[in-house]
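Next up: a single chain in structure tokens, the form predicted alone.
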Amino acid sequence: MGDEIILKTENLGKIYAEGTPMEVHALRGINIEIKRGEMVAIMGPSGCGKTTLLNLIGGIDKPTYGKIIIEGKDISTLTDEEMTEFRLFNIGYIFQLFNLFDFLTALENTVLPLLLTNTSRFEAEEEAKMMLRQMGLGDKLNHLPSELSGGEQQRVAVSRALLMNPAIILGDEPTGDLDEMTSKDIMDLFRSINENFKQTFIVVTHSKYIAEFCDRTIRIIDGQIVDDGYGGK
């Protein structure tokens, strides 16, 4: 892992219902730097702002103030259309509940991002097949999600997230719906991908066990960073 900064936030803040009696300061002046190839956990109690932070980094939500710089580009200045394109090519998202389409096969779920580009359907499907085979799902290409175990469904979701070779993979409680043994398998997979391909991972979790798979843990309380993972190291 080198010292190149792939993600940086500057005085990042998010206020919901701003200017009303229901105003909530979800994030308060967040400053973080994450290096290319780093695997980082974000931890904190429920409601601390960790998922809000992930959604801002992923361009799903917009900050109230501050900057989010990914690959040298301040994504907080992008239009919705520009953000959609940037996210397609630069950010992979893995969710707790897999977010697979029930009526699509493992292959069809995986190939979706590439079909949004100029890649031909044949080429896209060949790349998706290769990715699924690397994930140990070569014999499950035509299976629906209901025909797969929880761990297999998450591997399909990981395949889809990796297909575009994004700069950053974001995981929102990616093992939260899995048993401990399957969670370990998924985190071992993340670690292997991280080490072999220098893939940057940012994982939101409430689990200390999951965080221990990562290089560094950033802790958030009440919308503020209380430990950036470097203290005492």
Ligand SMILES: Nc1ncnc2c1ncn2[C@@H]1O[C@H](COP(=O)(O)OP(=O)(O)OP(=O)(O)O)[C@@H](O)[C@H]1O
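Residue numbers here begin at 1 and follow the sequence given. Every value quoted in this text rests on a predicted model; they were computed, and no experiment measured them.
Omitted from view is the form predicted together with this ligand, to which the following refers.
Only one listed stretch (51-59, 178-186, 64-72, 161-169) carries heavy atoms within 4.5 Å of this ligand in the model of the complex, and that stretch is 51-59. Residue contact check for R28: none of its heavy atoms lie within 4.5 Å of this ligand in the model of the complex. N196 falls outside the set of residues with a heavy atom inside 4.5 Å of this ligand in the model of the complex.
Taking the partner from the other structure, this ligand in the model of the complex has a heavy atom within 4.5 Å of a heavy atom of H206. At a distance threshold of 4.5 angstroms between non-hydrogen atoms, I221 is out of contact with this ligand in the model of the complex. Scanning 166-184 for heavy atoms within 4.5 Å of this ligand in the model of the complex gives just one residue, E173.
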